[in-house]
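Two forms, one protein chain; structure tokens for each follow separately as structure 1 and structure 2.
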Structure 1
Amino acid sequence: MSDRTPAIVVEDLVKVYKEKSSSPVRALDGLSLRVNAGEVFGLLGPNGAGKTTLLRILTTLTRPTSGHVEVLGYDLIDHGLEIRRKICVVLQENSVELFLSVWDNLLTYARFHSIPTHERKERARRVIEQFGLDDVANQKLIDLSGGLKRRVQVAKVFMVEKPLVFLDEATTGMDPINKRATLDAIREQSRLGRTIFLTTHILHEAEELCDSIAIVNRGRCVARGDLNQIKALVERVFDISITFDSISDSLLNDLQCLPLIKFTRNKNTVEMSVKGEEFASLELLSTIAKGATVQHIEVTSATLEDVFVSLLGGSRQ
């Protein structure tokens, strides 16, 4: 498939959960999105936005109420078995054999996927090296930390050469070193041509890793595109860090009257995310700060987290 061929197409997807004891819950409400082959795609959204429901539908674990879904060119309803043969999935629940070593976990997973015997060890060595598991390869999973168990679970799916990989909160519970090794390995797998569908609550990971992003809320897609396109959907947002000699109560009150998304204070340093054009924001800030001595000021473009909060109407104050 070419770079622009869709690996996933979702059109007007609806999922309603009906419980006898309560009103129906509309988990997905006409959601549409497209994932191109060979990209790292990030699905973002607050708790209850519909991310898990969408993931379960795309991986054939749940049937939609209505709408159209194609995965790798196959209709989801008519060709679920064909789809399952071409995807790998890491869900939030750990699915590893705790009383087997890392090495045996990888070999067992490869055997389940009918990898020829002579290839299993070669693939296991490659994955162990790629995910930095050399030091624990012969240890049982039950003796490893939660972050390492999670890294093994992610590593397992790359034992098999499936074109589409779903990763649900792949780095949950990992320390920074484990997380970095896992992100580097995911990036390398993308360079090999695989499509990676990633859900995460860690927005700076999505900003660093993803080629395109969709933000969902209340079962609908509220934004989609690459990082620059996502940021362009809202007013210009800038992060401003400013340090004063001192901050009076009146200065603090005036600063908090700016069009803020975020405002934090640490002694005489204030960090803000401000909506609006850069020049206008700086001009207003300059007017407010008259009479105070500024030691340092720094202005940068907003992060994905700032845009995420702005799109969903929340606040980080």
Structure 2
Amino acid sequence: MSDRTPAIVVEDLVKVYKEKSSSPVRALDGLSLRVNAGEVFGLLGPNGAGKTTLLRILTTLTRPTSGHVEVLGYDLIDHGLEIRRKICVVLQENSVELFLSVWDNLLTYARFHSIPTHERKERARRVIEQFGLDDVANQKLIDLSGGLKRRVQVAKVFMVEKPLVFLDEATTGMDPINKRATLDAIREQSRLGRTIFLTTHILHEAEELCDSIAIVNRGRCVARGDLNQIKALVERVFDISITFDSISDSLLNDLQCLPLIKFTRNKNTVEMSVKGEEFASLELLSTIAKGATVQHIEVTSATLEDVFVSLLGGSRQ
């Protein structure tokens, strides 16, 4: 639950990478956003949009070229250490001690975050169980698969209790069961009042987890709000799937005359996308249903993916 106190405030943030061999790259170009304490915040955007640069700045890994950033009330430039005391981070790159066991990876991480000796083992046991790492707990990471390494990396942040957790593409490379365990763990962290800042390409994860979302492109914020506000930014689009007993030529003609933005047919099933308000779609359906026997019908509204594609200049088709 958000208490509306900002955990992160970013104002007019600019980051320019100066390359010797090429012209400067403006990774962030006047980006502004606000993340409220206690919420799960999703940062979405295509590759090269500036997500990782923003995450690196917020986690004190790199400095902005200009602009103002506050994390948990601390100015980023002057209070890097105070910020690091209150955050934990899962970076996009794999980051594990390859020559240590799963167990030692967790204990070492806890030691770095000043978890008292007597608590470390207990927490490690809990996290190992939570992430299904029991069978490999004593194995060195170098001997584990990429997915398991990622699982250990994510599991580490659940060893500590920090008010702000950064997760950069946390579920990348995980199988569906572990992805589910990770999402559950994130939800649990959120319930405990922690602020979760996640970047992801997997839009249904963002849809499932996030209280608020920002979409960035070319270093700027192009949309911001909760899921419904974000969805409202694009014209309403409904996907309709109808399975008929049979499809006559006249029905097919009728269907193709409708103002659809997408139409596909697979045997007796047709899939269509239509723009418009809800009632207009229902009207359309009743017209179609009069001329044939409908076995199955399904109507879905715009997904975050539709919004994403629409806002970033792509086409639904």
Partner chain sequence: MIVAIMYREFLIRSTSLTWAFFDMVMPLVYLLVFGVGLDKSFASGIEAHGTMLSYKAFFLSGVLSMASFGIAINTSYGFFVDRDNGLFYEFLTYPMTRSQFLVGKILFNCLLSLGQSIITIGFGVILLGVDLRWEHALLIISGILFGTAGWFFFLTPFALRIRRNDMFNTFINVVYFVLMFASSLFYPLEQLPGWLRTAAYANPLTWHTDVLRYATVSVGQPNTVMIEAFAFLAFMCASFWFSVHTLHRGVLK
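From a predicted model like this one, the values you see are computed outputs, not experimental measurements. In this text, the rigid core denotes the largest set of C-alpha atoms whose superposition between the two forms falls within 1.5 Å. FYI, numbering is relative to structure 1, first residue = 1.
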Quiz item: Between structure 1 and structure 2, which should be identified as the form predicted alone?
Solution: 1
Exercise. Spell out whether the Cα of Phe131 moves at least 2 Å between structures 1 and 2 when the two forms are superposed on their rigid core.
Key: yes
Self-check item: Arg265 C-alpha moves between structures 1 and 2 by 2 Å or more, core aligned
Solution: yes
Quiz prompt | Threshold 2 Å Cα movement between structures 1 and 2 at Leu252, rigid core reference | solution = yes
Exercise. Once the rigid core is superposed, tell me how far the Cα of Ile242 moves between structures 1 and 2, in Å to one decimal.
Key: 4.0
Self-check item: Core-referenced Cα shift (Å), Leu141, between structures 1 and 2
Solution: 2.3
